[in-house]
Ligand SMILES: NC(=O)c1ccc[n+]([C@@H]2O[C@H](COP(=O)([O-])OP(=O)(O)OC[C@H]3O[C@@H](n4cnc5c(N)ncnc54)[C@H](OP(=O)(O)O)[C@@H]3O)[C@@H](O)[C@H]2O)c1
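Next up: a single chain in structure tokens, the form predicted on its own.
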């Protein structure tokens, strides 16, 4: 591991992103988290992370659209100036909504691809030169079980997450010789993240019929997968499925 970790977590103020950001802070990293518009959630997240830091660490909030390449460029400049060169990137920013082919608009499609997939490319392109200079880097893309097969949310979501897996494999092959690993995590039915965090207990209970184990997942399950990838220099180009076996049913 690097002596000093500088991490960026996109969409890092709630759910899976916040869980990963907090564990990075616990590991001694200075962490920048991006968010689009919910200032109250961002302030709450920052308070939680700052309660975990010591005097050598810093937490940085970056408000803006992760799917806007100019905003990403500006955010990266701010992170580099205030925290240093990024050596851990978690591409977690994403939107989730359910629509069929017939309901889906061109705007729906474009926004989903832009935020869920293009943002990962934009951020990776910014941090990779610095990682190459350090001869070290960890990039983790948060995909979904939807990338493995038909999505219950619709073609837009499935395509965006499948694209992340393709990006992961290409980048892993291209960057491995520089000490940079690139991996993905594909969660499903995480009860305290995404749309499932807003469901009732009864709705979440109905998801148990879709998995092979006695419970659905939570953010900590994804965080444990992330920690494994963070500390595994010999693992690259893989997708860790955190889904209770749902893809086998």
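Residue numbers count along the first chain shown, from 1. Predicted model, so just to flag it, every value in this text is computed and none were measured.
The following text describes the form predicted in complex with the named molecule, which does not appear among the structures shown.
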inquiry  = Please tell me whether any heavy atom belonging to residue 25 falls inside 4.5 Å of a heavy atom of the named molecule, as the geometry stands in the model of the complex.
reply    = no
request  = Spell out, yes or no, whether the shortest heavy atom distance between residue 220 and the named molecule in the model of the complex is within 4.5 Å.
outcome  = no
ask   = residue 66 near the named molecule in the model of the complex, any heavy atom under 4.5 Å?
value = yes
ask   = Taking heavy atoms only, is residue 38 within 4.5 angstroms of the named molecule in the model of the complex?
value = yes
task = Can you check 171-179, 100-108, 87-95, 128-136 and let me know which stretch has heavy atoms within 4.5 Å of the named molecule in the model of the complex?
result = 87-95
query = With the partner absent here, would 80, 124 and 140 each sit within 4.5 Å of the named molecule in the model of the complex, counting heavy atoms only?
reply = no
request  = For the heavy atom contacts within 4.5 Å of the named molecule in the model of the complex, list the residues of 12-43 involved, in sequence order.
outcome  = 12, 13, 14, 15, 16, 17, 34, 35, 36, 37, 38
